[in-house]
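Same chain, two forms, each on its own as structure tokens: structure 1, then structure 2.
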Structure 1
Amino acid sequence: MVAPPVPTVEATAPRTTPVRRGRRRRLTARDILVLSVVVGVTVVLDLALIWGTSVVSVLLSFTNYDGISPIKWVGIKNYHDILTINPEFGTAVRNNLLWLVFLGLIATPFGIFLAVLLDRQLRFSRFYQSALYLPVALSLAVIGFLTQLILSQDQGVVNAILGRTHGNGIDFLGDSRLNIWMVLLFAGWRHVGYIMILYLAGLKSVDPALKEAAVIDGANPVQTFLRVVFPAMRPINVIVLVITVIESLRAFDIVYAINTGRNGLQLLSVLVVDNIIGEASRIGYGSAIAVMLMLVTLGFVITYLVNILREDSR
């Protein structure tokens, strides 16, 4: 996938040879056995459960399989249909992108901001930390139910506070122009806590001497963070970025708990489930959507890996 930087190989070869010699170790027969079992089992499981199923999904996506009838090859018909006549696909893609943008530009930076604040040893810092982290302990499905309790049109807390309880409540979750933003708000609520705790752990590991040096050199807090701490946190930054992307693409449970992902709350994951599971059993068609989701995910993963490998080989 990623070509190693070829020109440097010859140049570095003489230098690395002496280093390697001292590291060579002899493996006993038992070591080899243990290693091959450990690695072998992992590889077999990985091939069977991840690559195997992915390949089968890709193959099924070119068929009209419905779980009962014999499988018939239909070429790219499923993809063509999804891209041309499925009105929900566009909405789902838009919602997944909104999710990514919202988490990436608002929730994640806010979580980092909170982590930096909490790292400054405020009073009651432990209390804030727990309060912000609490939603992470809840599953997103549970948050979906909470969302309903809070925003429901006739029995929701918000409408009760606004005094709109007599059939004139705001339909936060039923209005397809409004509901996605409400869901993002609640998904973001949880995401902020998650990012905060990750980042806080990272901040604790930054050498305080770095910060002290920056302060002595006359940097203000913003400069200290952006110029000194943030670059030093590179491994954590990468993890936070990856988590944000993964959370956006795999989002599913919260909308499924609210209205099974319909009426403005479509997501790619929901379309896959609706087509494959359920009475419809459009397994070929659903697989095609899943393959597209996989391609988007792979896009992010490959970009990430390319970056990492390039930096490491430097």
Structure 2
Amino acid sequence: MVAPPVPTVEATAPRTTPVRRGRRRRLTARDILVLSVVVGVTVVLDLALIWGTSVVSVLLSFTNYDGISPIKWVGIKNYHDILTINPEFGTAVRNNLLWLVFLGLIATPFGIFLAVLLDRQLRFSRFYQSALYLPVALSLAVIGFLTQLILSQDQGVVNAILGRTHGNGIDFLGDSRLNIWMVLLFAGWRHVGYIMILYLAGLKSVDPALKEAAVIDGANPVQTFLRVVFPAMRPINVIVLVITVIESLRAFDIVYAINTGRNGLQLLSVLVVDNIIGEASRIGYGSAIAVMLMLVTLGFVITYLVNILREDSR
């Protein structure tokens, strides 16, 4: 009998299908058309609605345009009047600075504190996150209406609980000594949830080995956070700082929804609206205030963009 042939390594090895390296598919004429339309429309809208209006505002700020009379060039007169004559400008600057201090020194640290607590995987932490983040889903205009509902002098919930109704209630929103603080409480309520989510995401990205090393070195939880975790979240810290400043400068909705910025609730954004589309119809003057606000905001926006690009390059 003839012995069967012994299989070789080549015969027993599994056959593999050669992998074909496909070419990159070239864009068709239809693809190019769709991309051109999508990108083109976006660029046109951006140039027209953002950059175009910004340039027009800068030009109008050097005129006395009121929407009716012919445009007359007045140079820096509007800026001079804003800084020397208008008393409301000083009140608006003070309120915007107060807004910044409140959000930066009270609301933001409280949001960080809540993020640290929720990062410890507390019981019902998901429920707490949803409840604390809920105000962020609401616009500031809606929060302004809620503020009226709660703090109104005649029909507010707080005055009803205190038993002070029918004209005897506390005028939380009309008294210039109280209204700014009441509004800041509700604006801070929304800001806390936003900061909490940002820092909660940042805490999840911190290397646990850093925390373990700090604990081994004898650091307590507070020292671990302040000396190890917080510096490790530098990108988040910069973003939060910039967002807080921009939020304080562009604050408008909640104040305008309550009483259109009257009785001590004046803000820079409210001054812009009152002068441009209000009864005064001082478009050139309002544009000058808008340009000043834009220049201050632009500095922080550039800081934010530089930080984002730097992180992307890394």
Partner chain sequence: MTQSLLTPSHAKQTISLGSNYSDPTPKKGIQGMIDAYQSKSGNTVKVNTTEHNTYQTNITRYLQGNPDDVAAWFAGYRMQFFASKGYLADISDVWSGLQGFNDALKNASTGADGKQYFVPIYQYPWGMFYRKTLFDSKGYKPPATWDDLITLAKQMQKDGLTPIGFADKDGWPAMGTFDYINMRKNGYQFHVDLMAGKESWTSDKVKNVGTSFGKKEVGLIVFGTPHVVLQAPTPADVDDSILFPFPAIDPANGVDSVEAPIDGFMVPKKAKNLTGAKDLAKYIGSADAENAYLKVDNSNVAVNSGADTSAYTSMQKQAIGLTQKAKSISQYMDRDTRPDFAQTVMISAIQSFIDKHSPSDIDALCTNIEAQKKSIFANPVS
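On a predicted model such as this, the values are computed, not experimentally measured, just so you know. The term rigid core refers to the most C-alpha atoms you can superpose between the two forms while keeping them within 1.5 Å. Here, a residue number simply tells you its place in the sequence of structure 1, counted from 1.
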item	value
Structure number, where the criterion is the form predicted in complex with its partner chain	1
Among Gly193, Gly286, Thr147, Ala92, the one marking the hinge of the rigid-body motion between structures 1 and 2	Gly286
Rigid hinge motion between structures 1 and 2 - rotation in whole degrees	19
Cα displacement of Leu35 between structures 1 and 2, once the rigid core is superposed (Å)	11.7
Cα displacement of Gly278 between structures 1 and 2, once the rigid core is superposed (Å)	2.9
